[in-house]
Ligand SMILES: C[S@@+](CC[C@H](N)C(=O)[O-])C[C@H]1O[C@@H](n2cnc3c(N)ncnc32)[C@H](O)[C@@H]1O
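Just the one chain here, laid out as structure tokens, in the form predicted on its own.
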Amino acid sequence: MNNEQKVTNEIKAPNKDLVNLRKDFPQCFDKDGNFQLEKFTLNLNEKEINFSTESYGLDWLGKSYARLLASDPATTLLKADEAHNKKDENKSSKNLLIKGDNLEVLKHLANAYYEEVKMIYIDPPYNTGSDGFVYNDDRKFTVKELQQLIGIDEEKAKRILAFTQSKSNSHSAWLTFLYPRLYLAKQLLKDEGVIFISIDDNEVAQLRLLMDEVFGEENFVGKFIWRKKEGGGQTDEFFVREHEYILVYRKSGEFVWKDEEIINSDTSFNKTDALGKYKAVKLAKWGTGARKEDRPTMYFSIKDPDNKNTFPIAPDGNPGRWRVGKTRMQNIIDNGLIHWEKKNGDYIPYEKIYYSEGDVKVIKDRSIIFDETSNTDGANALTELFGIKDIFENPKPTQLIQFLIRNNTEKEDVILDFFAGSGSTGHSVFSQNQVDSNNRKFILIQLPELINPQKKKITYDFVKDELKAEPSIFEITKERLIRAASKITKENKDYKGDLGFKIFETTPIWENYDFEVDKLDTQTKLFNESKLTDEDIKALLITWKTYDGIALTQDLETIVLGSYTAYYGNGKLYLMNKGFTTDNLKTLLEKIDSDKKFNPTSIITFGYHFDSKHLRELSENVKQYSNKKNIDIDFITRF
């Protein structure tokens, strides 16, 4: 009935595999909870299962350490940016931007967002040698501790600790960095979920093997090749590398790829020729990145019906660019798929897109994608938003991410990006929701990585002087989301979708808070709680509620119990503050008795704000009340 929990120092991702083993094979655990492999194998039919001692897989120095990092408890709390979150555009938003180390944040999200995410897109460090990636681990283990934790010999423990503290950018360091993050992220995906990872040649081979291990080789969906640039290549040794990859893995066999569909109810199919009904889609690029200088190679002429050269025109009337490249344009011309319309004496070309009457025509997506967009478009979009060139290096274009979003998500699906960077994924969610009137939600995580004033002076000065903030990448992420939302609102005045976002950040657990919980009495003082501020208690409450499975965007209800304030949500009542008295207890039990909307199944107290007398009184009275009413209310003391 009454139990003590050392939750604050034990926040980590739940091991669902172990939970399932305990449920299905309880006889394979000894009295101390240790799993006994021999008993487990005896429970299986060896004639049906081939126990092979050989296997194909990926191994590297630090793999066992990476697994430890995935299961190691978080060392932080979560706190809210209250000033930002209370703004009208943000207070009801279901979108999240979280500042902190993504490994820490993913552990905090493990319960509240377990199997809640439909799509993950990440653009992690490519480990090119020039992208600034180095592995730097701030966890401090002794050789002996590491030996005991992961079961390795002294020599290997020394080698692992040496490279984790050496700021290495080796393949092993990169894999050690990425493995625990992918392992935790997988647990957040729904069974029908999917993950997309941008990568280039430096680590694509290692990433494929790593993903096979984390997600299973059978869940490999495919690999997109994306043409990211034209021209350039001065630094490439043998040939110009124009492309990158996007690896695609599903969580399970329940995932279905949604190809682009043309449906009967689309009223834009309002033209007809000998081949049937079609709609006309303008061949000139429109919107962001539509100028000639944005993509010079996509400014070329085609012949109009009078055999005159026709060039693309941008929305502002200046030279523009086509939305397709020369190869695809020639295919359109050769197949008679151009629809011409004459306006003000000039011919305007459109592409014909057909469908069969009464049918749904499915256009299969190709593994080589986006001849129409590149990193240049991503950079141009940021220049347009910020009014400054080169504020962020190689941002992914929203067109690319919107393509992934619209083919795999809908309605109120959650999209996660734990390497948020410039905020392209959040911007893409805003934009795609506006296009198709869905209400997808995003979770973005970004480390407050400091901007180097020597290497990125323009960005450093902008954040410091204009935003009046500490110059970090996080501030660019935040400001981009604000500006993207403002632009969408300005251009679509009737749009009522969610264009806000709430901000939370990680903060270190208080100094001297690492202890072993003992029974409290008047002589025992494990931690000086008098140092804690109201902000500290709020952070503790946010951290605990998220651990208890309550979404970060869900506000707890304030419950007034006479002179005492408590907090309530999802059946959990939190007693965090000092000063709880017998009168408050009486008011609490009366409220449970009379308020049909108030049905706490757990009462959770912050042990340091209650003396042992009041804890016993609370526990005993709740127990008596529960027995009398024949209901279950757990009484929990946390530290």
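One rule holds for the numbers: they count along the sequence shown, beginning at 1. All figures in this text were calculated on a predicted structure; none of them were measured in a lab.
Below: the form predicted in complex with the named molecule, not depicted.
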- Query: Is there a heavy atom of Gln446 no more than 4.5 Å from a heavy atom of the named molecule in the predicted complex?
  - Reply: yes
- Query: Does Phe418 make contact with the named molecule in the predicted complex, using a 4.5 Å heavy atom cut-off?
  - Reply: yes
- Query: Is Ile332 a contact residue for the named molecule in the predicted complex, using a 4.5 Å heavy atom cut-off?
  - Reply: no
- Query: Is Ser422 close enough to the named molecule in the predicted complex to count, meaning some heavy atom within 4.5 Å?
  - Reply: yes
- Item | Answer range among 100-108, 321-329, 164-172, 482-490 for contact with the named molecule, defined in the predicted complex as heavy atoms within 4.5 Å | 100-108
- Name the residue from Asp123, Glu351, Glu203, Glu244 that puts a heavy atom within 4.5 Å of the named molecule in the predicted complex. Asp123
- Item | Listed residue that, although the named molecule is not shown, lies within 4.5 Å of it in the predicted complex (heavy atoms), from Phe504, Phe177, Phe430, Phe501 | Phe177
- Taking the named molecule in the predicted complex, which residues along 462-481 bring a heavy atom to within 4.5 Å of it? Ile473
